[in-house]
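A single chain comes next, written as structure tokens; it is the form predicted on its own.
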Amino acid sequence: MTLLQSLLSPIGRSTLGLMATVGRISSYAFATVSHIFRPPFYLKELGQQILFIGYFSLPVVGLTALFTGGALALQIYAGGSRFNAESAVPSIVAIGMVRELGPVLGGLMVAGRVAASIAAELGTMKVTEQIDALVTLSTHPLKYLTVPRVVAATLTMPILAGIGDVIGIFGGYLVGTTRLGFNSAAYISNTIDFLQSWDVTSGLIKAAVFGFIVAMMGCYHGMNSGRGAQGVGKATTNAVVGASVLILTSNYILTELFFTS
């Protein structure tokens, strides 16, 4: 019995620790959402975060989408040639980008850039006691630090994903017309004919959820950072890893909800 307990106790501790973390993150997310619609509203801080999270993330999201669309066209063409289905390249590239690759890859790239930055910034503020100073000034840290970042990420991620979709489809178009011998007009026609409005809408909804996850994980781990440089570094790592895992998990759940009859 002692041997069995020694083998199972680490698993039990890990499971309980995981469930406790899930509970704390859920409570933090609920508190954040409940404060979104309560005054005061820090619009200046919100504008700064929209600029930082949205506008400054455009280059990395755009480059990722461009080369992903091009590589996707090459892979689909190579696979489709085995079954004489090369003509499906435009439609599959478009559907793959707007449904999955655009929002998911965009979310992962933003997670690497934004979640780490938010966690490091808030973690440093906690270490240097700037968050405690906000409390002494009668400023709610959740309202001032978390809410603007979460709202900004939730609003800007669908825009980033939409732009990434267009750039990704354009990357597939460039490769298809210059490398694979597709007619330009036929490629565009096939893309438009097979792409439905729900394909685009579902991807944008996913992107909004991913933006919420990215900002939430960055803020949670930053606000709960340990002391010192090691604590801030651990918070940054946990924010990026947690956001990436939750993006992939929620992507499967949303895909199951949207496209399973």
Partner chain sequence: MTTPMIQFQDVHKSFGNNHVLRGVNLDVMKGESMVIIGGSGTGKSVLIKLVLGLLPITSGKILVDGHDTTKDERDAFLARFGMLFQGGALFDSLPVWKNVAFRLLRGSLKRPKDEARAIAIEKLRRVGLKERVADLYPAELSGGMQKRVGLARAIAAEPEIIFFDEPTTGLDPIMSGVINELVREIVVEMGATAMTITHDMSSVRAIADRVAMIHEGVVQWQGPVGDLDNSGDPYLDQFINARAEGPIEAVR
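Values in this document were obtained by computation on a predicted structure and should not be read as measured data. Positions refer to the first chain, counted from 1.
What comes next is about the form predicted together with the partner chain, which is not displayed.
Judged by heavy atoms within 4.5 Å of the partner chain in the predicted complex, the contact stretch among the candidates 28-36, 41-49, 217-225, 62-70 is 41-49.
Shown alone here, Met125 lies within 4.5 Å of the partner chain in the predicted complex, counting heavy atoms only. Contact annotation: Ile163 falls outside 4.5 Å of the partner chain in the predicted complex, judged by heavy atom distances.
The partner chain is not drawn, but in the predicted complex it has no heavy atom within 4.5 Å of Asn183. Among residues of the shown chain, Asn84 is not one whose heavy atoms approach the partner chain to within 4.5 Å in the predicted complex. Leu134 is the sole member of Leu142, Leu74, Leu174, Leu134 with a non-hydrogen atom within 4.5 Å of the partner chain in the predicted complex. Shown without its partner, the chain has no residue in segment 168-182 with a non-hydrogen atom within 4.5 angstroms of the partner chain in the predicted complex.
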